[in-house]
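Two versions of one and the same chain are coming, encoded as structure tokens; call them structure 1 and structure 2.
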Structure 1
């Protein structure tokens, strides 16, 4: 006989529905194991055993969820601050960050795969229905046949944890995609292409009214300078750049901040010689 699990069931429903939710658990003190589920805009589920404690923890859980934080806090039995009668672990389940990839090209599948590993909800968007198919991108959460600017107008506003990667290589797609992405608060905006491609793209973006401040948000050429060559390596370089910008570490260099060709010849043999051969022939 499997136990009834109303709180877990409600939690699982919220997580499967990509809804933000927080789970509070008494991990020390009176009422050990008691739980309270806090979901914005809905009544709470469960109780920590005291209405005042429930009220205070609900308030704190909303704040933790807003910040995407999980931590253990201490309270008195009735929710008093600066007391330690109970310890409550508040676990936040923020929604998955989103990555929207414009352009259904070779690099797209590799980037979608790596982004899934990192926990992104991945959308592949391309106006050309021949290329943007679920058969080609089974790993994507969503495959959309539409123009980038029209698609961005339909999604929930992008925020600091979200990413837009423009891989189209084609001015008629990438300029509207970048202009539309710049109108959002997206945390990462990268565009594929060589330095020469990007220089001409910058001219077209200026013609479209994009300011210097907005151009500074565009990471192009896209990715960290890892010497990446294959689609998979390029995907890692892109995701590594997203992480590096978020953590603001020193000692890593984006391709954007370097000079010279972005596909420099490998300086040391790669472990798989077949890969080297294929790269040189390409």
Structure 2
């Protein structure tokens, strides 16, 4: 136990700081009980007894942590694949997935509420301090007054479990936000607007240097084809699509897969629906 004290101290510090971290332990085979602590962006702590095994397990631990999973993996004594000389339990201590919502609009409050139910850490960001206040968005974990690209530059790297939704409907905000988010590994990237709005946005994105490969990630309009109209219904459709994409479920259709108007003509004016950009989901 004494030998493991640096590992547990480092693990405790990471957990107190709400930083993602993974603990790998040999549970069967040579080196039973040996531990290796893996934290993104920091040196590993401990060893499993072999430098090659440490290297392979570190790689696998980072992958498990990125997906928010824990599992037992099997290796040769030196980390060889398809061998079972050593069994290693990789325990992930993943932080809550993040949803960053750009734009303090009516849809934002509804989306933040649904995202909180799903366990997201929700940030609402808008450069307009009059609109982005904790009084308007008490359900958010954090309300930030800043430009979207500047805010993204300050956050920890986004991964496949995270989501960015751009709801500003204003090119001077949403184009910088999308460009900045495309540079990350965020799993879900969305931007509100009708098909016509998005077509105009695509031209602005091209002018900003966005490639065809990045534009191919766009899912427009946002959400599953549920017939959503209200902010609350749209929020459910967005989150349902996030789940469907993450789990690769079949048999559901995104609005992106359709053509023509998003809705049948409503009896009263409706706000524009939205556009979403597909990210690299874990």
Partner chain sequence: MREVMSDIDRWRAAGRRVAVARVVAVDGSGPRDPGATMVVNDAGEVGGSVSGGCVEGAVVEQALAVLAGEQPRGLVSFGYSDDDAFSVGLTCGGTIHLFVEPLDW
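Think of the rigid core as the biggest set of C-alphas that the two forms share within 1.5 Å after superposition. Numbering follows the first chain given and starts at 1. Because the structure is predicted, anything quoted here is derived from the model rather than measured.
Shown as structure 1 is the form predicted in complex with the partner chain, with the alternative form given as structure 2.
Rigid-part assignment between structures 1 and 2: residue 232 and residue 122 end up in one part.
Rigid-body analysis of C-alpha superpositions between structures 1 and 2 gives a rotation of the smaller part of 45 degrees.
The rigid core superposition between structures 1 and 2 gives a CA shift for residue 68 of 2.7 Å. Its Cα shifted by 7.1 Å between structures 1 and 2, residue 14 is reported here after superposition on the rigid core.
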